[in-house]
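Next up is one chain by itself, shown in structure tokens, the form predicted on its own.
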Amino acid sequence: MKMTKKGAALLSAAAVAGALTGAAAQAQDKEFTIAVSIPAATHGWTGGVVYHAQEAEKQLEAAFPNIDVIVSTASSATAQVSSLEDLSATNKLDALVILPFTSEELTGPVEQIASNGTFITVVDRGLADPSIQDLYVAGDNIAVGANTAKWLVDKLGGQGEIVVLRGIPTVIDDERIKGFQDVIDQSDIKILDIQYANWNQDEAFSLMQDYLGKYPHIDAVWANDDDMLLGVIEAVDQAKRDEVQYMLGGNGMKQVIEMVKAGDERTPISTPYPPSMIASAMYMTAAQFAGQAPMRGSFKLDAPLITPENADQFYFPESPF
């Protein structure tokens, strides 16, 4: 089932409204605990995730007095594993909403929690074994990569030399890269290099410096993420490499949306990947215990290109991201 960005927002509002009307008598007779495990604000997008998770925690606990929401952040995969162990040891978890730091390292710990009968909602970065999850909420990462690549192939006339920056080793990074490469492979565009920069601006700056040192001509860069894009732009500007025609990211960071709105020639598009999806996942999970219709399966947000013509729809100046 696909869900648009607007659909996600309406779903969260409906869940809270339903609770406030006291629609679920059975939910008031029992206490529930929902743990939310997310990466710490290690870059802009996860900063937005933390913000929206904390806001959703306040709204859910106000709407559902019998539901205790525990938001836990972790700065690494190892720290997230330890945090899960602590959460499960000190609480009886009715549900776990998790945005895994990495897919492989978190699969086993989440499977262990699921074996206790805990409802599992996975957000964004999928687990290595999707059968563990009851609910999955994410953006359409294949489309993020493919839509960006289609635009780039068109603008470069199907020819040129480009470099790509990967994020963190996760299912969503794999999907973005697959979507992008599948389209590029149908053209005469050559990918000179593709390496990880961990969705980090500083690491992207350093990696782009390496690319610029290795390759005398680069037509375009796909940074896979707007945090990394900022590092790429800084490196290209410092090197004064005017031949780089396009530098593209993704996720819809407000700073990048401002560039798109202004008609920046090198960054004229982006793709949405709202961190508020964590809040939608929390509302949907709470619905399992509030007499709402149980929600299971996969819910994906669309990934249309953000252009100067539609950028206002994706611009939220009050958001931290």
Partner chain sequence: MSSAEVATLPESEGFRIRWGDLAPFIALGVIILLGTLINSNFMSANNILNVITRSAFIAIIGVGATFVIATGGLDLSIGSMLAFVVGIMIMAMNALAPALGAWAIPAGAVVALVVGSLCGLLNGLIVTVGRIEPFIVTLGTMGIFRALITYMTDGGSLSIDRSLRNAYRPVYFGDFLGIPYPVLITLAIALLGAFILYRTKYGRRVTAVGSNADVASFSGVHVSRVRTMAFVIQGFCVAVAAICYVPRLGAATPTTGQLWELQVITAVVIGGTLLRGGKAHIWGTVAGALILEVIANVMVLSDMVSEYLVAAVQGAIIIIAMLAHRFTSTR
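Positions refer to the first chain, counted from 1. All of these numbers come straight from a predicted model, not from anything done at the bench.
Another form exists, predicted in complex with its partner chain; not displayed. Remarks below refer to it.
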query: Within 4.5 Å of its partner chain in the model of the complex: all of Gln80, Ser83 and Thr90, by heavy atom?
result: no
field: Selected contact from Gln245, Gln112, Gln186, Gln195, since only one has a non-hydrogen atom within 4.5 angstroms of its partner chain in the model of the complex
entry: Gln195
- prompt: Given that its partner chain is left out here, which of Phe119, Phe205, Tyr136, Trp151 has a heavy atom within 4.5 Å of it in the model of the complex?
  reply: Phe205
- request: Sort through 41-49, 267-275, 280-288, 63-71 and report the only stretch with a non-hydrogen atom within 4.5 Å of its partner chain in the model of the complex.
  value: 41-49
- prompt: Would Glu258 sit within 4.5 Å of its partner chain in the model of the complex, counting heavy atoms only?
  reply: yes
task: Report whether the minimum heavy atom distance between Gly157 and its partner chain in the model of the complex is within 4.5 Å.
output: no
- prompt: Does its partner chain come within 4.5 Å of any heavy atom of Lys190 in the model of the complex?
  reply: no
task: Find out whether any non-hydrogen atom of Gln201 is located within 4.5 angstroms of its partner chain in the model of the complex, and reply yes or no.
output: yes
query: What residues in 208-225 sit within 4.5 Å of its partner chain in the model of the complex, counting heavy atoms only?
result: Gln209, Asp210, Tyr211, Gly213, Lys214, Tyr215
query: Did Phe316 and Glu55 drift closer or farther in the model of the complex, going by a CA distance change of 3 angstroms or more?
result: closer
- prompt: Are Ser75 and Gln201 closer or farther apart at the Cα level in the model of the complex than shown, by 3 Å or more?
  reply: farther
